[in-house]
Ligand SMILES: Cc1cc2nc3c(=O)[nH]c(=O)nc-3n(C[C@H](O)[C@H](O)[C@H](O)COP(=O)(O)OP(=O)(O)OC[C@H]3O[C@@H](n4cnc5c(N)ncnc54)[C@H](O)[C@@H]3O)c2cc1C
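A single chain, nothing else alongside it, follows as structure tokens in the form predicted alone.
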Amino acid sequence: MSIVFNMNETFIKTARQRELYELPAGHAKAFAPKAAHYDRTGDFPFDNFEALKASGYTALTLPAEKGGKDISLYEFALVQETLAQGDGATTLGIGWHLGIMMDLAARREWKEATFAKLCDQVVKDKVLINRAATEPQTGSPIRGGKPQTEAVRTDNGWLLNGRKTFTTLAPIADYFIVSASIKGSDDIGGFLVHRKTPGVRFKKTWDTLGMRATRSDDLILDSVELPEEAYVERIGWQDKDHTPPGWLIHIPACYLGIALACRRDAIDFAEKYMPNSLDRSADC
């Protein structure tokens, strides 16, 4: 099938945006023929993510001085909507990585050396990151639930125990920012945890009707020992003055892209399908 993307030219306002658009459009054309397989089987699309890494897509939201393209929210929505016309699950997954890097760059709440090191790894080592915040008993953190995952201070740093659900990119992300209640205080901390840290494991639980290839499995932390510097941020969902997370625009952008792809396929069917009761296609 020849894939024609639905993009109103008025949305592309500059030569830079045209260049940005071409990048996900190329990926989407390559991903589209395999999307049904991944959605049907629930297999993780490792090859899609390797292609995104190789093209530099995974570094788009990094600051320019850190090796990225420093794209705006508008441009973020543009590229994600385009990519989603090829594979929705891949787009939603990479959107979390890109959005988190954009958010960290905007807030600059981490120690500069820690943030700079992560950016360097994204550019050179092609690492991926996501947050792990949702839990079986609390659901989404935006509803105000305090994590049952607990962080205990030790002589050498921190000890984490808990379980996270809906951990998108579970099969491939290198780092997770894990939310945990700090024992002995009312604070909620964000801890940078590498997937290969002893005590970190994953349980394949994601089996849904759609978006199956996001593989949003459970992340289990069993006596995970972390150094002091792994405590990278205080998480303030409960703070009234917390800046609204504009980067979450990647979610509606993804679903708009999926809708555009559905529209494209419906039109393609109407133009080409010829029932045996007619001598022409149904749209004539």
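In this text, all values refer to a predicted model and were calculated from it rather than measured experimentally. The first residue of the shown sequence is 1; numbering continues from there.
What follows is about the form predicted in complex with the named molecule, which we do not show.
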item: F31, T58 and T90 each touching the named molecule in the predicted complex (heavy atom, 4.5 Å); value: no
item: In the predicted complex, the residue from G162, G189, P171, P141 that sits within 4.5 Å of the named molecule by heavy atoms; value: P141
item: Contact assignment for the named molecule in the predicted complex, among L104, L98, V122, A133, heavy atom within 4.5 Å; value: A133
item: Location of the named molecule contact in the predicted complex, chosen stretch of 153-161, 189-197, 206-214, 77-85 [non-hydrogen atom, 4.5 Å]; value: 206-214
item: 4.5 Å heavy atom contact, F166 to the named molecule in the predicted complex; value: yes
